[in-house]
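Quick heads-up: it's one chain on its own, the form predicted alone, in structure tokens.
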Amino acid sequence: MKTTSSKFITRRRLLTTVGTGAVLAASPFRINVVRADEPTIKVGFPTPLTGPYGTEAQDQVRAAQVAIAEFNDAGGLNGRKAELLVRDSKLNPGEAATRTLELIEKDKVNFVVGSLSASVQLAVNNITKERKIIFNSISQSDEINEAKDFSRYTFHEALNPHLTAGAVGRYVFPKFGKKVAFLTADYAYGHQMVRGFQEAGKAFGIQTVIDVRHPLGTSDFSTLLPRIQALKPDVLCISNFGRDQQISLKQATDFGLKKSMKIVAPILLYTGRLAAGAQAFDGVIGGTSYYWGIEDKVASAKVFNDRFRKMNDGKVPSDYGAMGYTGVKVVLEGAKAAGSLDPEKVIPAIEALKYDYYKGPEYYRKCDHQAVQSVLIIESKSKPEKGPADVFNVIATDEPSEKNLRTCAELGFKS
């Protein structure tokens, strides 16, 4: 997957700066232009523009700019407009912490939204909570909701692994069997997804036959897949992300694993499906926070998609891209509801939001600021019916429910 492919880069480029203020020449983005005499609301946006998640990160920026445009077109906060300050975290916790610190201390941002990786978002969160800056994370993590990492300045708009894998597991295990193998990215994202699958599987009596782990950035799974194939599982859960997911699904297809087992993933990426093609993803079931195709049934999805299309040459938003939109929109709408940028006023305003910005109803649970939302269960199509973007069927929906989350007590919060 090419992270800076022109296929995914809009002509509306956002100028970004990194480090000590040098221009990130290779970046396809620019900051909104705002008159010097107008004080702006600054939203810092650290995300891995370079690296194996670059395609998803770039789409997050595009969608975040939709939220900025909507806010500004509606008059902003008493006429005060917003701008997005994008920084490349390079998928590195230390780099992300440095860029976030610069955004807060040098650029004086009012909010931070972004990150893409469980460990990276925790590094960002450590900086923001120490400096009492609201951070809305748009990447999956179980830890960020736990009492040891949470702060009242922390919000989590993304799904989390317990919610995502749980939804997929509850759909898959009763239909396809109890003998389950895992191919797992060997870091927090993968570990937490496996835990989510296994927790959901207890109700169905699943048996874990093997959990094969691989490092981030693996390009050859040929020594791992035969070990799984030999055990003849009913279900193979591939818990990885980005290019790792594309490569592992391609090779699993080439090895013929689909003939003897059902392959599932906790998250199926729209960008990954486009990059890897129909054959690699054919018949694979997974979860997602968003798929543009729900616009036929969800009015807010149609509005969001149309605005995104207008700003991005007719393209549709991806799943992780859409979280860039709602992550930014939440903090700006919270500020508007509070009539202030003071975090002590904005926090209760966000906590009180009952919103439907792009996928149906959502709200934040009070104890851990997790967005309570639906999980879509999707299956990859072999042949698009409505153009090249028509790559998934939504086959089920886990409706928003706190019952699908770990309890506040399980997360370490005292009642």
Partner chain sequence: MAGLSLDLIAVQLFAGLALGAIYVLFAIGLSLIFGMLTVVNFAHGAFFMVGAYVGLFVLMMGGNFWLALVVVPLAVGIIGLIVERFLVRPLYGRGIDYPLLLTFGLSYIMVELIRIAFGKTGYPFDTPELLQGAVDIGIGYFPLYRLFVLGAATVVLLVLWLFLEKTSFGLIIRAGARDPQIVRVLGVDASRVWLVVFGIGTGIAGLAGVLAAPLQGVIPEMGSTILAEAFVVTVVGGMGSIGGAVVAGLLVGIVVSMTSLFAPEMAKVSIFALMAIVLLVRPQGFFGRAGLMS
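Only a predicted model underlies this, so the values are computations on that prediction, with no experimental measurement involved. Numbering follows the first chain given and starts at 1.
There is another form of the same protein, the form predicted in complex with its partner chain; it is not shown, and what comes next is about it.
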{"item": "Residue 176: touches its partner chain in the predicted bound form, heavy atom cutoff 4.5 angstroms", "value": "no"}
{"item": "Its partner chain contact at residue 254 in the predicted bound form, heavy atom, 4.5 Å", "value": "yes"}
{"item": "Residue contact check: residue 343 to its partner chain in the predicted bound form, 4.5 Å heavy atom", "value": "no"}
{"item": "In the predicted bound form, residue 213 touching its partner chain (heavy atom, 4.5 Å)", "value": "yes"}
{"item": "Single option in 83, 186, 107, 295 placed near its partner chain in the predicted bound form, where near means a heavy atom within 4.5 Å", "value": "186"}
{"item": "Single option in 275, 147, 338, 311 placed near its partner chain in the predicted bound form, where near means a heavy atom within 4.5 Å", "value": "275"}
{"item": "Segment that reaches its partner chain in the predicted bound form - one of 296 to 304, 229 to 237, 152 to 160, 319 to 327, heavy atoms within 4.5 Å", "value": "229 to 237"}
{"item": "Neighbours of its partner chain in the predicted bound form among 55 to 77 [non-hydrogen atom within 4.5 angstroms]", "value": "55, 58"}
